[in-house]
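The chain below stands alone, shown as structure tokens; this is the form predicted alone.
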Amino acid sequence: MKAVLVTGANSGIGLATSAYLVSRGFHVYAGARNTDLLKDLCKNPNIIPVKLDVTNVKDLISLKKLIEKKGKGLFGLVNNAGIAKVGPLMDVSVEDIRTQFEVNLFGVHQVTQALFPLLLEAKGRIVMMSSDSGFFATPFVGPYCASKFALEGYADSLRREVLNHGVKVVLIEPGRVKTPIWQKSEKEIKKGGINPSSIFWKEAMAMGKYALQKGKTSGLPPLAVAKTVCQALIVKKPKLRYIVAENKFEYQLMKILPASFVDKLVTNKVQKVIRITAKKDKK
């Protein structure tokens, strides 16, 4: 039974991935900052909940000792833990961007580096949970997009470094998924993520409301991503990147169309959303 660590396993994609991997015969270490949220998972003997804040070195040391003590090794690492900071970039504090990168990039590096010897020994897999925001930068989600773009570069470099050593690195790029990250983003907005006095307030609020509504109502279920993660772990030759979205063709176009053309598309979309939001607010 191959062992896999899933970070950020307390909710959303991480929770679904942990449960699904166990159903497919994996032994899972489910990492979460608050293990009380993993009570339901604890009922399965093949899931071990572990306290893991990806920015906390002490948590990582304890985790590595636990894995070594269990003697099952570590075949897979699913770097799923992440946060999203929102707001116009010119209004976002340096501290918020640092916090964004501490979790979404530096935390990933810290976990991967600490556990790499075990993954190397197993000739295993490292799965990076990126996003459509890792190749398509949307306005007013700059900190999150920047961290995911950075993660993609990190993953590409790492993949090319470890390729000849038997370890595979795979990027998962989900589109809109129904997870608690939307509720968290909503709280960010309400607590001042978008300043009413900002010159960007009108556009940012309209896009924020639109994205939150879409995320909470029309996103894919986390299980869709979990199944893709599983595929990346079990197939002999996994793809370098997996886009998990209903509109894959549209995303592929965004990757090849001229940036200036995409800018126009985005600008038109923002203006359309502003008009729609204004009509709804009047009702």
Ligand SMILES: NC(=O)c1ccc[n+]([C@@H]2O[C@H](COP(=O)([O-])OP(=O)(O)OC[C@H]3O[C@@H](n4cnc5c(N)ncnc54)[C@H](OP(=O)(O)O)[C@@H]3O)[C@@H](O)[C@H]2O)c1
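A quick note: this is a predicted structure, and the numbers were derived from the prediction, not measured. Numbers for residues come from their place in the sequence shown, where the first is 1.
In what follows, reference is made to the form predicted together with this ligand, a form of this protein that is not presented.
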Check: If you check in the model of the complex, is V103 within 4.5 Å of this ligand, heavy atoms only?
Finding: yes
Note to self: With a cut-off of 4.5 Å between heavy atoms, is A232 one of the residues that contacts this ligand in the model of the complex?
What the structure shows: no
Checklist line | 4.5 angstroms heavy atom contact with this ligand in the model of the complex for F140 | finding: no
Notebook entry, point to check: So, in the model of the complex, is I83 in contact with this ligand at a 4.5 angstroms heavy atom limit?
Noted result: yes
Margin query: I need to confirm a contact call. Of K72, K209, R159, R176, which residue comes within 4.5 Å of this ligand in the model of the complex, counting heavy atoms only?
Written below: R176
Notebook entry, point to check: If you check A155, I126, M129, A204 against this ligand in the model of the complex, which one has a heavy atom within 4.5 Å?
Noted result: M129
Next item on the list: Considering this ligand in the model of the complex, find the one stretch among 87-95, 114-122, 162-170, 74-82 with heavy atoms no farther than 4.5 Å from it.
Entry: 74-82
Notebook entry, point to check: Taking this ligand in the model of the complex, which residues of 36-63 have any heavy atom within 4.5 Å of it?
Noted result: L52, D53, V54, T55
